[in-house]
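The chain that follows stands alone, in the form predicted on its own, written as structure tokens.
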């Protein structure tokens, strides 16, 4: 595995990796090199733009394709251009990103482009009915695309439990079921939800939904979906315990049964990842705060090869 950041001239985090045109493209957030006080709302993460990176070989030289989208280019967005993702369908590329609107509520936007390297032109409004953060788009073998998103605490997922934004909504506690990542099919044009939002429920070893107090299994943020040997792998950050955990299902809707840990805690408070196959091998992209000496809002992207066991479980990586 790599022990060094793959991008060293900028602080980058939350990497979403995809293979387009026989290259690995990485779509991270862009941490700013600023002094900022950490809060539970994530006020230290004051990102305003996105760069796209690519490589021809795993662990090889990385090309920076430059700034592909800036908050000033998005009519509805005001701040916090956090973790993005990208997808390809019908020869066009789609870039998904969260941002706070003028009312300081997170929404999810879509921008389009003709190249995986950008630039991307944003839609004039966010996705209808969207909220929270960390969009991840999975295109299945039949061409149907699905979106997964959500993050608690500063990601505001807990503020929407009753269907509208409630700034004082409490988080589930104790043995109450944990909040679930949200998911839905996308429309054929990839620009809107194609159905009512659903919960991507994670089940524990007892077959019941994971509880709020189960901080080693519960969903916190950073969803990702990939498929291996016909099985759907839903992976995510546990937040307070700093793990990348995963759960599997025979359906992209779940429910997903918790199977284990992909990545143990890296340096820094946050952990966020993606998984991609390239030339017959599987790779984990993630971030830590090693390049900044542990400053949580100055992170750097790394990668590691992942391996599977015969039963489909993933071998845990210790960064």
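Being a predicted model, the structure only gives us computed values, none of them experimental. Positions refer to the first chain, counted from 1.
The same protein has a further form, the form predicted together with a small molecule, not shown here; the description that follows concerns it.
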Here the chain appears without its partner; judged in the model of the complex, the stretch of 41 to 49, 63 to 71, 252 to 260, 275 to 283 with heavy atoms within 4.5 Å of the small molecule is 41 to 49
Query raised in the report: Can any non-hydrogen atom of residue 82 be found within 4.5 angstroms of the small molecule in the model of the complex?
Result: yes
Legend entry - Partner proximity in the model of the complex: residue 133 to the small molecule, non-hydrogen atom cutoff 4.5 Å: yes
Hey, in the model of the complex, does residue 270 get a heavy atom within 4.5 angstroms of the small molecule? yes
